[in-house]
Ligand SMILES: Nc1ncnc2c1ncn2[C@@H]1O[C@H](COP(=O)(O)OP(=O)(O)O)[C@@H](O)[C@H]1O
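In structure tokens, the next block holds one chain alone, the form predicted on its own.
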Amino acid sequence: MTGDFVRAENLSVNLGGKTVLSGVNLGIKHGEFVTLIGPNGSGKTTLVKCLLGFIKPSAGSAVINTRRTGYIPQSYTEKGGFPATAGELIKSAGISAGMKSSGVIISREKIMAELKISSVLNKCFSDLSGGEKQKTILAMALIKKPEVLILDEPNLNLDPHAYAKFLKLADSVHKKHKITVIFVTHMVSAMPVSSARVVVLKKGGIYYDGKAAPLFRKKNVMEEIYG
């Protein structure tokens, strides 16, 4: 896996006396779009957090060969009446990445237009719909011009219609910004079109790593993944 942009080698993680990941080896090239699939508790989020440096491996290593990473977590917390607007949050994300105020405004306008959320610029984040919140968080990641974008279970805060739109958006972002994307989900029924490669995690290890088409042609694919 030498030369991989994102890499896990013999990665194992023990949390609370439980083995969550065991001997995981994964290499992702620059510009790839990989979907990480697996049942709840299979270790998907733990793997992502190891790559990001949020969790220290019990053994092995996990690394992303750039500091320019964008991460959309499974869930986000907010206190009632949180006063910041979508525009303020996106601007703040840009400034925290070292951008000048004037440059942030220009980039923010372009990204919000691309994600079709210009109308929520001055709306409080807490008042936005699930889809608008997800897109605002995505804009906060994109304004930092990441080389790697990790989307962890983006369906959890979206209804089916909004999720279908988000899948198309993930494809569009990958193609336009030419960034490496890791899309995490437990839903095999809906995947971004751009993701030709699928990595299946099961019981803390990699069960499948390859092209999507051969995997989903199997009649018993659901049983294989979730059984």
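All residue numbers are counted from 1 along the displayed sequence. Every value quoted in this text rests on a predicted model; they were computed, and no experiment measured them.
The form predicted together with the ligand is left out here; the points below concern that form.
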Would you classify G41 as touching the ligand in the predicted bound form, given a 4.5 Å non-hydrogen atom cut-off?
yes
Are any of the heavy atoms in S129 no more than 4.5 Å from a heavy atom of the ligand in the predicted bound form?
no
Determine whether any heavy atom of Q74 comes within 4.5 Å of a heavy atom of the ligand in the predicted bound form, and answer yes or no.
yes
Heavy atom to heavy atom, is V24 within 4.5 Å of the ligand in the predicted bound form?
no
Pick from T180, T69, T35, T46: which has a non-hydrogen atom within 4.5 Å of the ligand in the predicted bound form?
T46
Residue by residue through 7-21, tell me which have a non-hydrogen atom within 4.5 angstroms of the ligand in the predicted bound form.
L15, G16, K18, V20
